[in-house]
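A lone chain, given as structure tokens: the form predicted on its own.
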Amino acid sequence: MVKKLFSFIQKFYVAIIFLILYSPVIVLMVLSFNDSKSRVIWGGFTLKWYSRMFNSSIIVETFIVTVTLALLSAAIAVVLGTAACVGIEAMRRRNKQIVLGATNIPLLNADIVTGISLMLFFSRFLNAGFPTLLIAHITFELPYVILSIMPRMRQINTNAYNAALDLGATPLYAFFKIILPEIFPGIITGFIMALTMSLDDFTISYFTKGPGVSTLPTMIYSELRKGVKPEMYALSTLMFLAVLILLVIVNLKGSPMLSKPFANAKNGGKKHAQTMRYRR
């Protein structure tokens, strides 16, 4: 009886936490289908805000810039972060601790400090625009990517990698066939984290964007003086659903995105060993 009561309290507590977290999102989604512009009066179900959103050239252009920026910055941050993790793991223990400590500084730093410092740096060497915005996003995403991949790097069994080198494989070939499949889940996690952070960022984008370049958060902030349009509700709903679907696909058991690399990891070493024996 006590265990059942305790289990019920735990489930009730978790339900309350999720309700607090997602109730604003639910309200946003409901308002995107409200025929009335009022936030407190239900005017009936409608899809006109979605239609107006797709017909608005400003929203569509800003959305394309935001998604392009997020995909590019996340992809580049993942490549740089993966290379950094390989280099950090090869360091000595003391040097590794120093580098990881320096990597954690941007995580603890306030976004406004990072944004202002990047703005001052870009104003001295570069003209503000999309390139500066891209560099800024890569800069603040990189520590999070490293944080996602490093635990996987520490779990790798180096015996398989060394065995591949002994069989005649090049370090690059052994990395792609043995190391990369093992850290692939961490790479996917880092990519999704970088992608969502880029879509959500306002402070750093506000200080590093140039004239004529806007992201969705900065555009919404600039329209707060006039009042948020219902089209923004529709756009935010679609973005939330897109991220939610992506997370569900990645976390599904037996997802092809995750199962294929592990299959390569298991079979790659055997195939390469057989090939090297035939060559000999």
Partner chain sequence: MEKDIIIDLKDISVSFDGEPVLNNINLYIRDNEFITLLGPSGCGKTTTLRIIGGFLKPDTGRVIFEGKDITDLPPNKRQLNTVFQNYALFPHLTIAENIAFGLKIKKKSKEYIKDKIKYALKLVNLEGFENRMPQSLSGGQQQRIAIARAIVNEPKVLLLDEPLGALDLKMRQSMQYELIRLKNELGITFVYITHDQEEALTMSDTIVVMNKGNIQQIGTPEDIYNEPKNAFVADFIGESNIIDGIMLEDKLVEILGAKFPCVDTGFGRNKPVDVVIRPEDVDLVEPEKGTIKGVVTSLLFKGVHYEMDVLANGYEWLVHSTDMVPVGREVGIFVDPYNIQIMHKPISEDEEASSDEE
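Positions refer to the first chain, counted from 1. We call the rigid core whatever largest set of C-alpha positions still superposes within 1.5 Å between the two forms. Quick caveat: nothing in here was measured; it's all calculated off a predicted structure.
Omitted here: the form predicted together with its partner chain. The next part is about that form.
Using a 4.5 Å cut-off to its partner chain in the predicted bound form, each of A164, L167 and E182 places a heavy atom inside that distance.
Interface membership of R92, defined by any non-hydrogen atom within 4.5 Å of its partner chain in the predicted bound form, is confirmed. Under a 4.5 angstroms non-hydrogen atom cutoff, its partner chain in the predicted bound form lacks N127 among its neighbouring residues.
For I187, no non-hydrogen atom is located within 4.5 Å of its partner chain in the predicted bound form, even though that partner is not displayed. Interface residue remark: N157 is counted as part of the site for its partner chain in the predicted bound form, having a heavy atom within 4.5 Å.
Contact residues in stretch 172-192 (any heavy atom within 4.5 Å of its partner chain, taken in the predicted bound form) are Y173, K177, I178, P181, E182.
Superposition of the core reveals a Cα shift of less than 2 Å for Q97 between this form and the one not shown. Put the two forms on the same core and the Cα of Y161 is off by 2 Å or more between this form and the one not shown.
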